[in-house]
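This document starts with two versions of one protein chain, written out as structure tokens and named structure 1 and structure 2.
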Structure 1
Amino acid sequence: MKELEKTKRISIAAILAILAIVIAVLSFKKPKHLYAINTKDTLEKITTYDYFISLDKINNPDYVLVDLRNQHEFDKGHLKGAIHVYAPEILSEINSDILKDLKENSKKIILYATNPNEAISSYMLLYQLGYDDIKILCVENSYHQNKLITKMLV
């Protein structure tokens, strides 16, 4: 009789464990962002320096300037025609939709921030996610008497 109760308990525990595994598998969600390019290829791309673009070469209707600075800096002053995508929120749903739309419309994304070093991490992330038509604007932005001063670095 005691053996029968032990077998019942083991059977119930096994069923509960299987049920927990099934629930876990069914509730698993596919990640929204998947890397298309591996880290090794991204690092090789970074060493070529062909991802920089100068200010005098951005006058093209297929280029879209993306300002990665915070909202306050963007409101203080930004380059003409730039859209705001705050770097720490680059993978938010709204920003992902904006960037995906730019990619689908074959627009070249030109990232810029206070300096190119601040834009490199966003560049690497987007490049790994498959945004291959992307550049970093080689400028340094500062303010003088609340006016945006953009200095070319090349």
Structure 2
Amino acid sequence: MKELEKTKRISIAAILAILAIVIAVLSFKKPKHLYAINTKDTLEKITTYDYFISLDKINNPDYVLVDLRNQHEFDKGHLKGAIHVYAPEILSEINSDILKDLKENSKKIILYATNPNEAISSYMLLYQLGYDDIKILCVENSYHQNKLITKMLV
């Protein structure tokens, strides 16, 4: 009788322990996007000011232009060969797959938007996520009679 009670207790304890482990494993969810670079290093990077690139230097097969503006503006007109990634959806599954692919193929990502002011937040976000080889294109885009006008900024 005593023996039986002992095994009963042990089996209950074992089942509880296994349950706890299973629940722990199931509920463990690794966040998809993690910071790779801390704020101090990011600050050091952004105060070197070497993350700008001018329009005449982008003729390189390893460079990929990424348009951060919205769908409507992208459809209206965009720079040649640009990929469309709408800035607020930059972490969505499709977009992060695109960016990851570019990074793995060691392409340089060059961001542009209506002006550098609008591209900087995306740049900061991507940089902190570990995309350390990206640049901002120094241009200002506007439309004149439905044609994209790209003005170079100094």
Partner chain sequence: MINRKLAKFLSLQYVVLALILILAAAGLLLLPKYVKHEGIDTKELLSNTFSNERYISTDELANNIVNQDPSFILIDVRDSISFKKNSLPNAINIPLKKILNEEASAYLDQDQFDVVLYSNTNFYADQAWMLCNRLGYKNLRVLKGGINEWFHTIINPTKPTENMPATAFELYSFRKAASMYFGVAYLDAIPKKVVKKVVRKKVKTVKKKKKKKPEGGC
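Numbers given to residues start at 1 and step along the sequence of structure 1. Treat the numbers as computed from the prediction; the structure is a model and nothing was measured. The term rigid core refers to the maximal set of C-alpha atoms that superpose within 1.5 Å between the two forms.
Between the two displayed forms of this chain, it is structure 2 that matches the form predicted in complex with its partner chain. Fitting the two forms on the rigid core leaves the C-alpha of S11 displaced by at least 2 angstroms between the two structures. Here L26 counts as shifted, since its C-alpha moves by at least 2 Å between the two structures after the core is aligned.
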